[in-house]
Structure formats: C-alpha cells, structure tokens
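Here's a solo chain for you in structure tokens, the form predicted alone.
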C-alpha cells in the first residue's frame, strides 16, 4: 500500500513538473532592456555615460588612485581624447565604433582583452554593447 502511494506521489510530482515546465515557470522573463531599439542619435551623457558608470568607472573613473591604463571615462573630453599610453588610439571615436579602443575591448573574445574583465563580475548585455 505504501509503495502504491509512493508511486502515485512520484507520478503526480512528475506531472506537476511537466505542467510547470510547459507553462514557462522555469524560463526567465524576456529582458525588455536588451530588446530595446537603438536610438538614431546617441548622446554621451544620456546613453553612454550610464553604461560606463555602472561597468567601467571602478577602474576608469574619477578616482586617480584606482585608475588603470591612464584612461578616464567619466569625462566626455577624456573619452574622446587620444589615449595617453597608446598614441594614435582613441577610447571612443564618434561614428566609427570599429576604430574605438573601448569597442574592441568590449567585443573581444580574448579574456585578457575583454572589458569589463571577467574577474570583475561585471558584464555588458547585447544592448549595451550595441
């Protein structure tokens, strides 16, 4: 008798799991932020700066003691200026992301070049990368 009750309990549990799976209980909600349409005109302060603030300012922000690679991204002037440690390269080149040093690091597949670095526990979603 106990064995029949156990088997029925397992079957009910499996049916419940199948129903929950089918109804989407285990799928993550769609991230509307990632699916947002990119703006026609990108504004540094409105579109770029919040992403940099959340993901980059720890190493490339206002604190000179923590700043790495001589790169300061919290000021638009610095973000568009020639890199002090890499003459001829610019962090952000307006209208030409393929020439922007930041973009190359953001899309890199090499963990040594990827920004933000994997050990920072930060990551950019596809909308932020675009």
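Since the model is a prediction, treat every value here as computed from it, not as a measurement. Numbering follows the first chain given and starts at 1.
This next part talks about the form predicted together with heme C (HEC), which is not shown.
Enquirer: May I ask you to choose, among 48, 59, 93, 76, the residue with a heavy atom within 4.5 Å of heme C (HEC) in the model of the complex?
Expert: Partner contact (heavy atom, 4.5 Å) among the options: 59.
Enquirer: Determine whether any heavy atom of residue 63 comes within 4.5 Å of a heavy atom of heme C (HEC) in the model of the complex, and answer yes or no.
Expert: No, residue 63 sits far enough from heme C (HEC) in the model of the complex that none of its heavy atoms falls within 4.5 Å.
Enquirer: Any chance residue 81 has a heavy atom within 4.5 Å of heme C (HEC) in the model of the complex?
Expert: Looking in the model of the complex, residue contacts with heme C (HEC) do not include residue 81, since no heavy atom lies within 4.5 Å.
Enquirer: Heavy atom to heavy atom, is residue 43 within 4.5 Å of heme C (HEC) in the model of the complex?
Expert: No - in the model of the complex, heavy atoms of residue 43 and heme C (HEC) never come within 4.5 Å of each other.
Enquirer: Is residue 105 one of the residues lying within 4.5 Å of heme C (HEC) in the model of the complex, judged by heavy atom distances?
Expert: Yes, residue 105 is a contact residue.
Enquirer: What are the residues of 101-130, in order along the chain, with a heavy atom within 4.5 Å of heme C (HEC) in the model of the complex?
Expert: Result: 101, 102, 105, 106, 115, 116, 117, 120, 122, 124.
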